[in-house]
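Below, in structure tokens: the form predicted alone, a single chain.
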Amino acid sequence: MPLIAIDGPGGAGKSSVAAALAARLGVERLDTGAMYRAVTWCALQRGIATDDELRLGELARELHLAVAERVSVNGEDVSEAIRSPEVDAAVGAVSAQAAVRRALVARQRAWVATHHSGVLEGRDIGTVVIPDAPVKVFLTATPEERARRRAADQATPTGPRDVAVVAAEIGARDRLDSTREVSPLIPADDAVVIDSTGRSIESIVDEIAALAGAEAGSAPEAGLRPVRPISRRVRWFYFVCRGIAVSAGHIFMHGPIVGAENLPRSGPFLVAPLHRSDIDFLIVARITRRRMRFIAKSGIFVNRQFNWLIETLGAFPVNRRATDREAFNRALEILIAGEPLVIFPEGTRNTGPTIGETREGAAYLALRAGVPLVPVGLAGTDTALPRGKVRPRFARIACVVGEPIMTGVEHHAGEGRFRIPRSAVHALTDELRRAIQQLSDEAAGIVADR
């Protein structure tokens, strides 16, 4: 599931929609507005002026801040306190301070780095925090509707607040947010603008879920298990091993990586390379610093120590002689968890410059998970390590990364599962085969023009 950025002014319904969407898709949500409110609440408690940028920036950096279903500051639950009229009146001025925004944007990007998928709501998510988010929404509503909602949200036992007063406060906040020098409230150029006036939360969630490539009203496929995030130790080990492999590869297999900028910068995607040598996965590992997962033939999982090593480096087994449902589900789990995955669509090593028979598993999995499919062309790896050889030789290689093939197709729900039309799988497989061949021809040209 990709990262979803939801921006918009106060009272547009961001929090309600984001919470419902995250629950629908089975991902976590980050309310960045609550972070600014928490800093504002703490500043008011400490008597810090709303224009004291230096002290406010230090406060934003030093606070122990936890934002989930509840919001806590230094261990104190402030979920209700940060929604008070006093905080409402001050949060715009505090949020406009550049030092505060730098500190909290850094925290938000750290959240993204550890989650890779989820729903983020705020006022600068799609423009500043994650400008490369694959799904961006700018949620708005009429001023009257927003004032009515905010007045109802801030109701006390004696009744709701005066709508006219709330409308004036919202108007002042809008002017401050949209005219501030740092991260003004504006829709991203590629954001989908949704007017929530008179619409139900469910209908808006349906629309955004469709944008994200998820089946509206459907839960994740039954039987899938959560993928446990890798520990710091494993992440460190992977980067060390990758560094060694890449350095060794540059010595024995010198050559360019072209088009790496085409890879999505965040979220899950499926990489589909040509397969000509046992070292292909080492070349593909050069295209990104992110830890990628690999489907590997079950025959290489020979003992506990070696199994631990290659699994730590991202591999998991598949039985190529039969339809391996467990491997497919594992691949789907990995993509849903927001990790990139590598599949060789030919299914085995082939020879020659022409791509072999392309299996439909990669296309079907990309459609099922609703993730971009990235074709990759290779050349020279079969010279560096021919089939049947165990020692690599010096050779020039080239790797060309193509533009992602987006997989937004209409799914049809049946018995609680996604049903992918066979015609869509056939069409995507053909498109993928042509793309890999074109990129591999380009890679071969690079090797020949040494």
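Just so you know, these numbers come straight off a predicted model, no measurement behind them. All residue numbers refer to positions in the sequence shown, first residue = 1.
The same protein also exists as the form predicted in complex with a small molecule; that form is not shown, yet it is the one meant from here on.
- Contact with the small molecule in the predicted complex, defined as a heavy atom within 4.5 Å, is made by all three of Arg83, Arg101 and Gly122.
- Judged by heavy atoms within 4.5 Å of the small molecule in the predicted complex, the contact stretch among the candidates 55-63, 398-406, 36-44, 380-388 is 36-44.
- Although the partner is absent from this view, Pro143 stays clear of the small molecule in the predicted complex, with no non-hydrogen atom inside 4.5 angstroms.
- Taking non-hydrogen atoms only, Arg173 approaches the small molecule to within 4.5 angstroms in the predicted complex.
- The small molecule is not drawn, but in the predicted complex it has a heavy atom within 4.5 Å of Asp177.
- Interface membership of Ile194, defined by any non-hydrogen atom within 4.5 Å of the small molecule in the predicted complex, is ruled out.
- Between the small molecule and the residues Pro264, Pro131, Gly356, Gly92, the one pair within 4.5 Å by heavy atoms in the predicted complex involves Gly92.
- For the candidate set Arg242, Arg290, Arg150, Arg349, a heavy atom within 4.5 Å of the small molecule in the predicted complex is found for exactly one residue, namely Arg150.
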